[in-house]
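Here you get one chain, nothing else, as structure tokens; it is the form predicted alone.
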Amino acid sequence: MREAWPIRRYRALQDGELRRTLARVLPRMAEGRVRAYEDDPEAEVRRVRARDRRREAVRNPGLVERAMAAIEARGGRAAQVRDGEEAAAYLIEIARRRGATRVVKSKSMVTEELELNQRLAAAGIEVRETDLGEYIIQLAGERPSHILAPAIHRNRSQVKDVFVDAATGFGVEAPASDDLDVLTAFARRQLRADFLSADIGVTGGNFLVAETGTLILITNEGNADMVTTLPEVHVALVGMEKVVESFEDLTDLLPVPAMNGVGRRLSSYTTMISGPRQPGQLEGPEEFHVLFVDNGRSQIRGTPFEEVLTCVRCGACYNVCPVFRQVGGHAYGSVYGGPIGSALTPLLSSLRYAHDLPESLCTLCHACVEACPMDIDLPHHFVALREQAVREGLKPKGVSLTYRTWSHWWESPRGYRRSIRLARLAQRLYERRGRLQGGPGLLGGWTRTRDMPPVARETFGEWWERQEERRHG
């Protein structure tokens, strides 16, 4: 059960350390993107080509079947899964067949979306996240707060506290300080043992090339290489929208996540996997499985919201969003936060479950559109989702009545003038020190967390009319 937005909002706004951390880190990431485009004259041309190729791929459902055939031709196994239950069942069957009890994972938002860790844990399978950010939040019992940097909401002092608590449970020596090298060394020691003892490696997939069945993983730590080579089984869960037709398409797409997320031309590691270990090869898994995940994606394809599926999960929209900068990712109450999450979550699940996201967590400032490398017009989609919420009767009756009354008064100049005069009279009950405080209905909710100036003693129109009367006597 999701908490109500006012509760989530209040908790985030009271967390001063969260807001200071976001105010320090997010502008740096956003500025990095701007500088990267300024330093590379060809970047914009590649970006437009990448956008067009992604849109073509999303409109082509046949690419998934083509990719599955290519994977199996190279000795891998491929399947389509509808939801988290089917994905977990597939993995649990593998684990039972092989007597596996330990899984290591690289960073994957689709597995977060499917609640895969919880489903595997319920079946007695231990799962360890190996991306440093994901490792931190797993130990802390949290969800990712940023699509690119899962632990962006925690500073290094808080990370040290998480590691100290974990060290007690592990029975190992805790980090002695919050020095970054010390914290990284602690995580590396623990994770190496996990890599060596794991039976199954699980990854997501940034892209998958249909013509060869090649899985593409983009990381900055190299942990995905350990996940995909040390365990005897590798299972990749890939959103069905991540398939591209050819390596020519991939060439333009590869730089996009790093370029737009943090302002780097490429991520540190780009791993390409085209099947299980072949005779004569020294590394790689015995079994290679790719699960193409639907989980609501097919119901978006072919609709006015289809372009949302072109998202490459770069996080650029998070970095420029004024709402995200104030409340962080956990305030969204969903796996995907930020602007893209406010569209993706209600589309993948249901508007009834998450209609507060496009309504309450967007100011329609359009900063996300300017930053998005895929030119996804998120504000347009937010307005469409708001309209749909009204049609489906998802708004509280008091809110709907307020807006209908407001619309009725403001549909004519006369009604507008009357509403202003009425507001001037009513606000006398709630005006304190030049600001409105309290009030009925929406007014009370608004003024609890925002400054609300009172209606002016004289509008510009009234002032103009008075000047005209003086001028003409």
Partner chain sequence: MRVRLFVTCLIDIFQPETAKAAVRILERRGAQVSVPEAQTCCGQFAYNAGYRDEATALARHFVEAFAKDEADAPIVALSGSCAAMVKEIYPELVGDDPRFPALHDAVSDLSEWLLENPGPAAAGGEQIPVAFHTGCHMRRLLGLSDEPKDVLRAAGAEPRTLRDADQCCGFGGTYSMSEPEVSTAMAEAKLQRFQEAQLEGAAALVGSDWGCLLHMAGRLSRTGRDAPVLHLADVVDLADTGPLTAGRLREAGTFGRRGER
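Only the largest set of C-alpha atoms that superpose within 1.5 Å between the two forms is called the rigid core. Residue numbers count along the first chain shown, from 1. Worth saying up front: this structure is predicted, and the values here are computed from it rather than measured.
The following text describes the form predicted in complex with its partner chain, which does not appear among the structures shown.
- 417 is the sole member of 59, 417, 66, 49 with a non-hydrogen atom within 4.5 Å of its partner chain in the predicted complex.
- Of the listed positions (171, 99, 304, 322), a single one reaches within 4.5 angstroms of its partner chain by any non-hydrogen atom in the predicted complex, namely 322.
- Contact check for residue 448: a non-hydrogen atom falls within 4.5 Å of its partner chain in the predicted complex.
- Within 4.5 Å of any heavy atom of its partner chain in the predicted complex lies no heavy atom of residue 32.
- Contact annotation: residue 390 falls within 4.5 Å of its partner chain in the predicted complex, judged by heavy atom distances.
- When its partner chain is considered in the predicted complex, residue 25 lies well away from it, no heavy atom lying within 4.5 Å.
- Each of 360, 370 and 404 comes within 4.5 Å of its partner chain in the predicted complex, counting any heavy atom.
- With the partner left out here, its partner chain still marks one of 185-193, 266-274, 222-230, 379-387 in the predicted complex; by a 4.5 Å heavy atom cut-off that stretch is 379-387.
- Annotation: Cα of residue 418 displaced by at least 2 Å between the shown form and the other one, core superposition.
- Once the cores line up, the CA of residue 457 ends up 2 angstroms or more apart between the shown form and the other one.
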